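Consider the single chain below, provided in C-alpha cells and representing the form predicted on its own.
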C-alpha cells in the first residue's frame, strides 16, 4: 500500500499527569529524551519513515515548546504545499479535549476533509522505532477493520487504563480486559492503532450520539465483537513513560549498545530539530565513561553513566553519575550528583551534593538555581 494513502494522528498531550514534574511547563510530546530528541520525534519519525506525509498533531495546553520544536515540519520533510504537518490545538474551550474520544470528535472536519483511506493513531509516551508499512501489510492480509499494536511483557504498573488483549490462533482479538489485576507477562495495547478513516468517523459519531465517551471501553472493548479486530505484536525496545522512574530508566537503557541499535536504526532514522553547535569540549583532567554527550557540552569534571543534552557545563572537581542533564544546564565546581534529572537552563552552584535512587531520582525543575 502507498504510504500516502495513510494519514497519521498523534496525541501529544495524554497522560501528562503521570510525569507532572516534566509536563508542568510543556506538553508530553515536548519532553526531552536521549540527549537530543523530544518524545514526539519517535511517532512522527516512524510515520514519516513509512511514507505517511499527512500528520495531525493534537495538543491541548502548554504547547509553545512543542510548536517551537516542530516548526513547519521541515526536519521531518513535512513542510509541503499539500498535506504535511498539521498542528491541531483546541478550536474552542479545552473541555472538548478532555479525553481521547472527544478530542477526535473536535477535529472531525480535519478527518472528513482528508482523502486518505486509512488512519494510523499513536500516543507520544511509547518510545520505539516501528514500521507502519508492516502494520498496514498485516492489516490488509488479515482483512482487519482495526489493528491494535501490542507488546508481550509485564504490564507497566502505572499505565493509564491498560487494555490487555487475548487472541485466537489467527491473531484475531477474542477478549479485551481494561485495567485488569494481572501479574506476569501479558499482551497489552501500546495505544497505537491502524483503522479505516471512514470507520473511525462512524465509530466516533456513534459514541458521541450515545454519550459513551471512553475510547478504550466504548470503541475498542465495545466494538471488537462486531468488527474484525486483530493484533500486531511489536517485540522491539518500547518503554512506555508512566512515571519519572520510567523516564529515567528509559534514558539509562540507551547506554546499552543493542538498545541504541534497535531504536536508532540506519534504515529508519529518528529525526529531530537540529541545533547547530560546536563539538563537545573536554578539559584537562576530565573523565567520561559510558555516557551520551550532546554537542556544545563543556566537561571539566567526571561524568559516568549519564545522558547530557546540548550545552551542558560540568565544572572542575565535579562528579556526575547516573544522571539525565538537559540542555544548557550549568553545574559548578566540586559538586556531586547521583541519580538526578536536571531540567533545562538550571544553575547548580559550587560544592552542591544531590543524590537520589534508581527507583526515585531527584528532579530539579527548569530554570531553577540550586
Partner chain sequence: MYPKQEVVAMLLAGGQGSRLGVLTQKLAKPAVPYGGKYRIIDFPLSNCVNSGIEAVGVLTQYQPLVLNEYIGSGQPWDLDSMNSGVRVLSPYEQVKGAYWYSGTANAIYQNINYIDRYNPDYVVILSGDHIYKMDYSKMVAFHKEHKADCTIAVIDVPLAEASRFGIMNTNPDGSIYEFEEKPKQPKSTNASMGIYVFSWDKLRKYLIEDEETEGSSHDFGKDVLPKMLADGQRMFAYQFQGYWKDVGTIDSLWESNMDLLDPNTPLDLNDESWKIYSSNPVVPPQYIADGAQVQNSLIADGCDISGSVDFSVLFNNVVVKQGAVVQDSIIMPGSVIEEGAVVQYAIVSENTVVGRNAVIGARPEDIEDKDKWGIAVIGDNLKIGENAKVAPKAMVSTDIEGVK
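Numbering follows the first chain given and starts at 1. Not measured: the values here are computed from a predicted model.
Omitted from view is the form predicted in complex with its partner chain, to which the following refers.
**Q** Going by a heavy atom distance of 4.5 Å, is residue 264 a contact of its partner chain in the model of the complex?
**A** Yes, residue 264 is a contact residue.
**Q** Taking its partner chain as it sits in the model of the complex, is residue 185 near enough to touch it, meaning that at least one heavy atom pair lies within 4.5 angstroms?
**A** Residue-level check for residue 185: no, no contact with its partner chain.
**Q** Is there a non-hydrogen atom of residue 275 within 4.5 angstroms of a non-hydrogen atom of its partner chain in the model of the complex?
**A** Answer yes; at least one heavy atom of residue 275 falls within 4.5 Å of its partner chain in the model of the complex.
**Q** Contact with its partner chain in the model of the complex for residue 260, defined as at least one heavy atom pair within 4.5 Å: yes or no?
**A** Contact with its partner chain, yes.
**Q** Which listed residue (295, 142, 221, 166) meets the criterion of a heavy atom within 4.5 Å of its partner chain in the model of the complex?
**A** Contact residue from the list: 295.
**Q** Which residue, 201, 177, 88, 288, has a heavy atom that falls within 4.5 Å of its partner chain in the model of the complex?
**A** The residue in contact is 288.
**Q** For the chain shown here without its partner, which stretch in 228-236, 242-250, 121-129, 276-284 has non-hydrogen atoms within 4.5 angstroms of its partner chain in the model of the complex?
**A** One stretch meets the cut-off, namely 276-284.
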